[in-house]
Structures are given as structure tokens and as C-alpha cells.
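Below sits a lone chain in C-alpha cells, taken as the form predicted alone.
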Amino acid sequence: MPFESDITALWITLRLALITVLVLLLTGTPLAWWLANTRWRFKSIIEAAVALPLVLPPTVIGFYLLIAMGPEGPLGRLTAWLGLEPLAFSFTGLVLGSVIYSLPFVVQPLQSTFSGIGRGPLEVAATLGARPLDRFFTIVIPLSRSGYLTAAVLGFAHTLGEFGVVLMIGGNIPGQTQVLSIAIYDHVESLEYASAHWLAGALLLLSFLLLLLVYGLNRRFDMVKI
């Protein structure tokens, strides 16, 4: 049934976006903190690599990931050596691709927020005997609420609209790797415009509500600071 297939695509998309954001928040936090505080003179190289998905066509990223996940690629050989299922055309592969594709949408807001905190609060806490990890969780995290909210919502919303990357590395397997953007393309290709309208409208509304949430809560955080 087309409707059931669309609901499945919606569920896969939401699950993919949620897992991607969780992975990016866990891995992006230390990276963003390092970028915000390091004085390494080659820091710009790492920043450029993080921002690369902003300028590269998604199909380029998807193509090289597909090569890397293939039988002769480094990731393909690693998964074969570990006895794991191939990453290409799998949900796990979609997660990996989404993490790379949405990386700058999480790391850059966090880096900007961390840079805005400054050294003052941390130095005061250090004089009171707080250890580095304690300072991070008791000072940096609370002061970075708006940055984390922005990073989470932008990463989630960006993953919702993926097309080129997921098509290249996940294909179009209903119930496994077919996400909303690909389902919409299928409907349009089949001249099923009513179904395409339903999915596109749902994605449009969800994206708008997410952005509205970001702006509303950020404004609230700014008022609390004042």
C-alpha cells in the first residue's frame, strides 16, 4: 500500500535524523570545544574539512562514501574483516553518511557558542578548585543551551531533507533505506502528485516548526540573560 510505504519512509527518516543528531552531539561537542579553544596554527584546515559538506554537492559526498563502503574501500574491508554486514545500502550506512553530511550544522553552532563564553567563568571556577570536566559540565553546558538547541534542530532538519547522499549510499529500498525525500521523488516520477503533495507538505510543516522552535527558544534564552 502506498500510504503504508509513506508512513514507513517517514519513520525511517525521523529515526535517521534522531540517531544522526545524537551521534553528532556526542562527537561534535569535543571537536567544537577544541576548535573554539585551540591555538594550533593549522586549525583552519580542520575547520575547512568540517565545513566541506556546505559547499560540496551531496552526490559527490555520497559517491566517495559509496566507494569507501564498497568491497575494495577501506570501510568495506574493515566491516568484512570484523564480520559485519556491508555498510552500503544499509541503514547503518545512511547514519554514517548523514553524520558526515550534517557535521557542520552541529559543530559550527557549538563552536560559536563555546567561543562566546570566554575564559572568565572557567578561570573563576578553576580558582575555586573545580576540575576541567566539572567546569565543562557545570558552566559550559548550561551557558551553551541555546547553541545546543540550535545545533540539534539544524542537524535534525538538515537530515530530514537529505536526498543525494542517501540515494548514493542507501539506494531506494522500501522499508530499509527509503527516506521521505526519495519517496517524494518516486511519487513525482510516477505522476502521483497527491501523494507527493502530502509528503512534501508534511516535511515543509515539520521543518518550519523546528525552525520556529529554535528562534522562539533562543529569544527566550536571550531575555533570561538580560
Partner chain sequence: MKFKVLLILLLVYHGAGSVKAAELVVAVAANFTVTLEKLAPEFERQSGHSVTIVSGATGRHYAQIVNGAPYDVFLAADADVTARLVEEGRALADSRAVYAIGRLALWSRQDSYVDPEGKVLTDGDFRRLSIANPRLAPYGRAAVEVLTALGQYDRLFARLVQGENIAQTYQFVDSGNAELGLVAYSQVLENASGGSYWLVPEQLHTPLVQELVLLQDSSAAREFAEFMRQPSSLTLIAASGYGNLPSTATINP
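Positions refer to the first chain, counted from 1. Because the structure is predicted, anything quoted here is derived from the model rather than measured.
Keep in mind that the form predicted in complex with the partner chain is missing from the display, and what follows is about it.
Think of it this way: in the predicted bound form, the partner chain has a heavy atom of just one of G116, P86, P74, P121 within 4.5 Å, and the residue is P86. Checking 164-172, 197-205, 39-47, 24-32 against the partner chain in the predicted bound form, the stretch whose residues place heavy atoms within 4.5 Å of it is 164-172. Put simply, L54 is far from the partner chain in the predicted bound form: not one heavy atom of it is within 4.5 Å. Remark: M69 counts among the residues lining the partner chain in the predicted bound form, judged by a heavy atom distance of 4.5 Å or less. The partner chain is not shown here, and in the predicted bound form it never comes within 4.5 Å of any heavy atom of H158. Residues Y185, D186, H187, E189, S190, L191, E192, Y193 are the ones in 180-218 with at least one heavy atom within 4.5 Å of the partner chain in the predicted bound form, listed in sequence order.
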